[in-house]
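Provided below as structure tokens are two forms of one protein chain, presented individually as structure 1 and structure 2.
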Structure 1
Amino acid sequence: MTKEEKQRKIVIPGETIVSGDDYLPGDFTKKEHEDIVANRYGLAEVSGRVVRLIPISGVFEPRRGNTVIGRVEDTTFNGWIIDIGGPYSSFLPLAECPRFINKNDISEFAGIGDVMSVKIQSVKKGSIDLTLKSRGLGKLEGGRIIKVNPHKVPRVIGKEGSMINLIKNQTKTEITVGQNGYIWIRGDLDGESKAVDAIGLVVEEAISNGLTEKVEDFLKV
């Protein structure tokens, strides 16, 4: 089996992905003696010595450092309660905003129903803390939101952003991808629609070979 075939191998829980002392377990894999074994059903990838798995199905599992897209559900005296589609309530404290905000009217900055790109600061038992103190975060105005399986997000983004940049450039849209599976798209009507369809193609064909070429051909039509 070639390295490329290993990278594209579909595996089931308990299946051995590769064997050998040279390999190290990454996301959703574990080491059993000399074997790297899958913990999930998904797409196995080998990058150097590290073997990781991209799950193909399942719910969003919030992790510290994830950039996600959420909608404001409520405001409090010191922050916002935001729905990010995770298993717990998520809170963005006023102190985690990089600009001055009037404490007497925080809804002036973001109110119920507003959409924001935020980063997960910490995940505790029963709660998630968010922050805006990172580049590219903040309120997302206009455009549209779509939802995809969060475990297909790595394919939507592509290696070093190659897939999502291809879609953005060809459709002349702004796109923000949340690791929780929510994707914000803004452009003209045709551009937004084309971007939505292209992302749908990526999700549908996530485990196919030659996916970039398929998307390029689709966007040329």
Structure 2
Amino acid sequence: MTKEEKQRKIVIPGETIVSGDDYLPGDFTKKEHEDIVANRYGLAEVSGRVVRLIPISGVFEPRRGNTVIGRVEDTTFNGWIIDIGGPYSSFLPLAECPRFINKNDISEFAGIGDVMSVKIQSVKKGSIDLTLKSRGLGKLEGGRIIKVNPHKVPRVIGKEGSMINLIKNQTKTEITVGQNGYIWIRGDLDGESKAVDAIGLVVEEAISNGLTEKVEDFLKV
């Protein structure tokens, strides 16, 4: 593999990424005669023979197993309808809540407008089911919520949580990052604002090198 092939480049829909019979179409690409054509806007990556496209913008696409942060939209007799910012609204059944809840008044646990950290149990056509049965899930009280581009979430978390742990430790805040781009922050007032600004910096400069150092310098000031 030559050096050139490893490079990533931004492509627009309908653009020919590479041409020739040596290549195979991967995610969000299509083969048209000889050419591998991009099907959406993003970063094209040629690895070996396979050409794939990494999305860099757009709405959150829910997948099974994602931990997300959502706001209660409505309560029903057997669960909660939760807005997680995807193409469909999602449902958290009462049975998926690990602690005892009085069935006659489930808004005692969480009412409209409350924020929860939940996991996606299944994604079916037109509906998403959630669960609370996992570690670290549940209602989030106090603090604030910010929204970032969901495709930048891996950058906010960093390698094995390095970036988010750095921000947490330096600002003395609790932070939960949802895969859907919602981030919950709780701490003292200064810490919270500092963490919001630091996350803003990470999102803004997501592609630059030495980002951890930059954030470190920013947090020291």
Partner chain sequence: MTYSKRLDGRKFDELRPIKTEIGVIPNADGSALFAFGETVAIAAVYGPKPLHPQHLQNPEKAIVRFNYNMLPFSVSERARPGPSRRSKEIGMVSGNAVSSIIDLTKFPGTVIDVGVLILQANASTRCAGINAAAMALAHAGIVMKEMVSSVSIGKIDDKIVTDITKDEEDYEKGEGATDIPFTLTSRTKQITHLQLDGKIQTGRFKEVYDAAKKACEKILKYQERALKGEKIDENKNSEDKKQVKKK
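Computed from a predicted model, the values in this text were never measured in an experiment. Counting starts at 1 with the first residue of structure 1 and goes up one by one along its sequence. Between two forms, the rigid core is the largest collection of C-alphas that superpose within 1.5 Å.
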item: Assignment: the form predicted in complex with its partner chain; value: 2
item: Threshold 2 Å Cα movement between structures 1 and 2 for residue 178, core superposed; value: no
item: Core-superposed C-alpha of residue 17 shifting 2 Å or more between structures 1 and 2; value: yes
item: Flag for residue 50, CA shift 2 Å or larger between structures 1 and 2 after aligning core; value: yes
item: Between structures 1 and 2, how far the Cα of residue 36 shifts once the core is aligned, in Å; value: 10.9
